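Have a look below at one chain only, the form predicted alone, in structure tokens format.
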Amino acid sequence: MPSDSALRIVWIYPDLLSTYGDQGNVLILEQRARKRGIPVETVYVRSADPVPDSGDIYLIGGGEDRPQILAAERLRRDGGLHRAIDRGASMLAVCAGYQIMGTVFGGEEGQPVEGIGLLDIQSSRGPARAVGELAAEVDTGLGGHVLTGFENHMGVTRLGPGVRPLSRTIVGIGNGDGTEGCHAGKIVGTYLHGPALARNPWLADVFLGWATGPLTPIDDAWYDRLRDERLKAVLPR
């Protein structure tokens, strides 16, 4: 991001994919950037509009089966997100949006639907819905934190060799194999709502750091206390 320009955040298809307060991820990025004096411009891209390729951070949320299929079709045709990633932008994809980033996911009746291929993952319908709190140990390449959030999905996601697990579950289902989410380059996918960045502000700072460089610290003592309280409530005794 040039030093004389605003950080550009792009929220993709809020009219199709924005369940469980996922738009809060945008608000957290805005807040934590402005606390550091970083100017922010946020672009809301509805599904009838082209996706600009000039953003710094892109986000997409969760949603129901049919909107998910429509979003995948439009993103494949559009090409703007691919161009943005190719030039170095970052991406946070949540739940249905996470599945779309892969090569295939399950449709309304479990039929395979083509994804957009930005992540080396394949998703399908699992045997039962995963609902509840999740806690997981994050890949040391992203800081080794404890990730928390709320999951509500029927997905099973298989990771290919082109990605790494975002975390390994302590409590919860995640991908269905003991891992939760994945990451590759500057793309992070997760099943977690909460919103994810409100529950895990350190992850918001990962995206801000990718876009702007080293960040000045923020006092997150409030978050540490809240995280510890939540972990006590969900971890096995």
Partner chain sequence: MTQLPLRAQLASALGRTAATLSRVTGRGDGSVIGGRVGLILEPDLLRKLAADRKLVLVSATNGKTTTTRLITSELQELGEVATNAFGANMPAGHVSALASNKQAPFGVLEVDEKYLPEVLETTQAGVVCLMNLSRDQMDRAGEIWLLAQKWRRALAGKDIHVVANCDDPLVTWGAMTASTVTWVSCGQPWKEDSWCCPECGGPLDRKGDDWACRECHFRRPEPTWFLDDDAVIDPRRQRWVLDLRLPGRANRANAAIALAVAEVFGLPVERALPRLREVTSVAGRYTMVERDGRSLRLLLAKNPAGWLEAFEVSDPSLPIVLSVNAQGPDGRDTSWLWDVDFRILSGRPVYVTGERRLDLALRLDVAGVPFQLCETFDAAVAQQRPGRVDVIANYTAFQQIRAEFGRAV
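We call the rigid core the largest set of C-alpha positions that still match within 1.5 Å between the two forms. Numbering follows the first chain given and starts at 1. Values in this document were obtained by computation on a predicted structure and should not be read as measured data.
Not pictured, yet referred to below: the form predicted together with its partner chain.
In the model of the complex, none of the heavy atoms of residue 41 sits within 4.5 Å of a heavy atom of its partner chain. Among residues of the shown chain, residue 183 is not one whose heavy atoms approach its partner chain to within 4.5 Å in the model of the complex. Although the partner is absent here, residue 133 sits close enough that one of its heavy atoms falls within 4.5 Å of its partner chain in the model of the complex. Not displayed here, its partner chain is approached by residue 152 to within 4.5 Å at the level of heavy atoms in the model of the complex. A single residue from the set 82, 158, 145, 74 has any heavy atom within 4.5 angstroms of its partner chain in the model of the complex; that residue is 74. Contact with its partner chain, judged by heavy atoms within 4.5 Å in the model of the complex, is confined among 204-212, 52-60, 28-36, 167-175 to 28-36. Interface residues of 210-233, taken as those with a heavy atom within 4.5 Å of its partner chain in the model of the complex (partner not displayed): 222, 223, 225, 226, 229, 230, in sequence order. The Cα shift for residue 226 between this form and the one not shown, taken after rigid core superposition, is 2 angstroms or larger.
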